[in-house]
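This document opens with one chain alone, in C-alpha cells, the form predicted on its own.
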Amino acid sequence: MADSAKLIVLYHSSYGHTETLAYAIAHGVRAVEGAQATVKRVPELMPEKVMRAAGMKVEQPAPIADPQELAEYDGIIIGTPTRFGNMSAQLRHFFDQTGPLWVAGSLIGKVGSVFTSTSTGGGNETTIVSVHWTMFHHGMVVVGLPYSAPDLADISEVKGGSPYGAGTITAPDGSRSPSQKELNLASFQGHHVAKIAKRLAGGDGADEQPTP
C-alpha cells in the first residue's frame, strides 16, 4: 500500500453550495493518514457583471485549476451543480480541454468520484452520471458513495445524496444551505475515495496489456 496519495477536489459553484460541499469532501480526504487534498475550481465562463446581477458568488478563495494538472493527482473528486440533469457548462468546457491527457492515457487507473447540488433534487443522480461518462472514457476507476455512510439511508429529513455521490438540495431560490447530514455524506465520500486512492497509488502498470 502506498504511504500517501494526492487528491484534488475540483468544483464549479455559482452560489456557494457546491463550494461548501467541496471543503467537506476535502475534510474527509485529509482524515486519511497520508492523504493530501487540494481544493481548486474550474474557470468561470460568465461575465462577472452578469454573475453579480444574478446574486452569484463571485469571490471564491479556491485557485483556478488547469486541465493538464489532473495528471498530477492519484484521485480526482469533481463537484458540479446540475444544469437540467447535466454537469455545468463550465465543467464541460474544462473537461473538453483534457484531450491531451486522453491521448497520453494520463488518467488511466486514477480514482474519480463526483458530488453535486440541485435546487429540488431533480438531476441529483443524472448530473453525477454525466461526469462519470467522461471519467470512464479517461479509463478512471469510478467510485461512488456506499451505504456504509450512516446518513445515506436516513429518510428523516429532506437531503441530497445517493449511492452515486454526495449532494445538497438548495431550494429553487438558493436559500437552503447544506445540512449537517449532507456535509457528513460529503466528508464520508472524501474519506472513502482517499482510502481507495491510497491503496491504488502503490500499484503500477494500470495501462499495460495482459501477457498472452
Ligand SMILES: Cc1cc2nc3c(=O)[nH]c(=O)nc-3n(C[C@H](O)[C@H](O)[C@H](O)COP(=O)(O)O)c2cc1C
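Bear in mind the structure is a predicted one, so any value in this text is a computation, not a measurement. From 1 onward, residues are counted along the sequence shown.
Beyond what is shown, the protein has a form predicted in complex with the named molecule; the following relates to that form.
In plain terms, the part of the chain that comes close to the named molecule in the predicted complex, with a heavy atom within 4.5 Å, is 83 to 91 out of 101 to 109, 70 to 78, 132 to 140, 83 to 91. In the predicted complex, the named molecule stays beyond 4.5 Å of every heavy atom belonging to K198. At the 4.5 Å threshold, heavy atoms of T170 reach the named molecule in the predicted complex. Heavy atoms of Q97 never reach within 4.5 Å of the named molecule in the predicted complex, leaving it off the interface.
Although the partner is absent here, Y15 lies within 4.5 Å of the named molecule in the predicted complex, judged by heavy atoms. Along 102 to 136, residues S117, T118, S119, T120, G121, G122 each place a heavy atom within 4.5 Å of the named molecule in the predicted complex.
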